[in-house]
Ligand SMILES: Cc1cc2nc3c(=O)[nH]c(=O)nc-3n(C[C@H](O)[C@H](O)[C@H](O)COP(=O)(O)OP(=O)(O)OC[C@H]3O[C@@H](n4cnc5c(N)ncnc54)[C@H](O)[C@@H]3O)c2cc1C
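Here we start with a single chain on its own, the form predicted alone, put down as structure tokens.
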Amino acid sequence: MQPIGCAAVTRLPVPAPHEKARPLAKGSVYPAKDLCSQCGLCDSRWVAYVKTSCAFLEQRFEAMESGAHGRSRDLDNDDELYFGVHQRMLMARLRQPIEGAQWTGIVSRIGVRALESGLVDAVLCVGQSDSDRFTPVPRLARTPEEVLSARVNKPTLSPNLEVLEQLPGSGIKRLLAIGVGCQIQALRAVQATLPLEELYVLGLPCVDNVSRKGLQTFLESTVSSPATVVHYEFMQDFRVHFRHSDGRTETVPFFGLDTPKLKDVFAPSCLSCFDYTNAGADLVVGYMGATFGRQWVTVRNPRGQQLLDLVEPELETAPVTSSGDRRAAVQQGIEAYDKALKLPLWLARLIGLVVERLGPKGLEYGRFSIDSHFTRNALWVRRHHPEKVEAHIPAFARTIVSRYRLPEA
């Protein structure tokens, strides 16, 4: 069976090891240069397709959505404008959470069930190095144990697609790929060339990754004990939640972050990205459109429903909700970020309490986060790559950004 979106595509030959297209040497200057997200494609023989697959060389949202889902998003539908093509949106959490998972472990459980059911032969996921819990190590997991060992997000740039190099001759014909937007955009672009019979894509919403060095700067400027942080997440209560190795949880209000120090710590690829919601994935699981304590689950196409079917009986589910008004908070945030303001911690905590009680929740919180990042990123692209503005900012992002006043570029 041909993967969704490839029925009308002529299958191109897989670049062979002896051909001219070889992985770029580690440390090379990649084609996207400073905008490279280190997705790993150029570290495989699929570097041959980089000019038409790299999200930072050529944006192709409409073609990607049409290929993956049968149509592109409806820009007149506000939910699709923000969250992309979808058949269902719901909130969920596992009734029996996976021990050690970042939240309840829905993504890991899907990976495990996909292997156990025989739906796939392997799961492309990201483990960690033996020496550093935040250094990502992409792998093709063949067992549930290998999938579970990769639980917990790694908030650093990860070369997931380098493992495509292992596919030829591996015997893997059915693959579940877990990844973030830039990785999935490149994966979809080369999908027809992969030596696979089936490809399923489980996406994670993603913004503001950093290099390992940048992550250290963030931790040292934000949290009490950087060396013991196991994972962290920017959550719907307008706080960053840190989990420490001793089980302790620490929270820091968004408004208390050291913006002058952190303003330039995020990767340029993330500052020029408009795929927060992972538009090309079959199924997306994250927190951004859910109320606190649940995950936001978006089914984009029948394959996404197939993946959700693997675990839905194990989930406690609820309809998505939306309340509050994000617009004033977004506009104020644009100006505060641009001026790199840093508030006293007592004031940041007070503002955080007020916003948590009266501010946007559910899907409206998701829109708040998208608006905040899209306006920031559009301004960044205008200032740092004005030659790319017309081609790089997609139509849906332009519509969203046009609703706000941006500082002069």
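Quick note: we count residues from 1 along the sequence shown, nothing fancier. Note that this is a predicted model, so its numbers are computed, not measured.
A second form of this protein, the form predicted together with this ligand, is not displayed here; the remarks below concern that form.
Within this chain, Phe274 is remote from the site of this ligand in the predicted bound form, having no heavy atom within 4.5 Å. In the predicted bound form, this ligand sits beyond 4.5 Å of every heavy atom of Leu187. Proximity of Asp121 to this ligand in the predicted bound form: non-hydrogen atoms within 4.5 Å are absent; the residue sits far from the partner. Put simply, Gln191 is far from this ligand in the predicted bound form: not one heavy atom of it is within 4.5 Å. Here is the short version: of Ser221, Thr291, Ser170, Thr156, the single residue with a heavy atom within 4.5 Å of this ligand in the predicted bound form is Thr156. Think of it this way: in the predicted bound form, this ligand has a heavy atom of just one of Val163, Val285, Val330, Ala141 within 4.5 Å, and the residue is Val285. This chain is displayed without this ligand, yet in the predicted bound form the stretch 102 to 110 from 102 to 110, 334 to 342, 239 to 247, 83 to 91 comes within 4.5 Å of it by heavy atoms.
Shown here without this ligand, the chain has Cys125, Val126 in 122 to 136 lying with a heavy atom within 4.5 Å of that partner in the predicted bound form.
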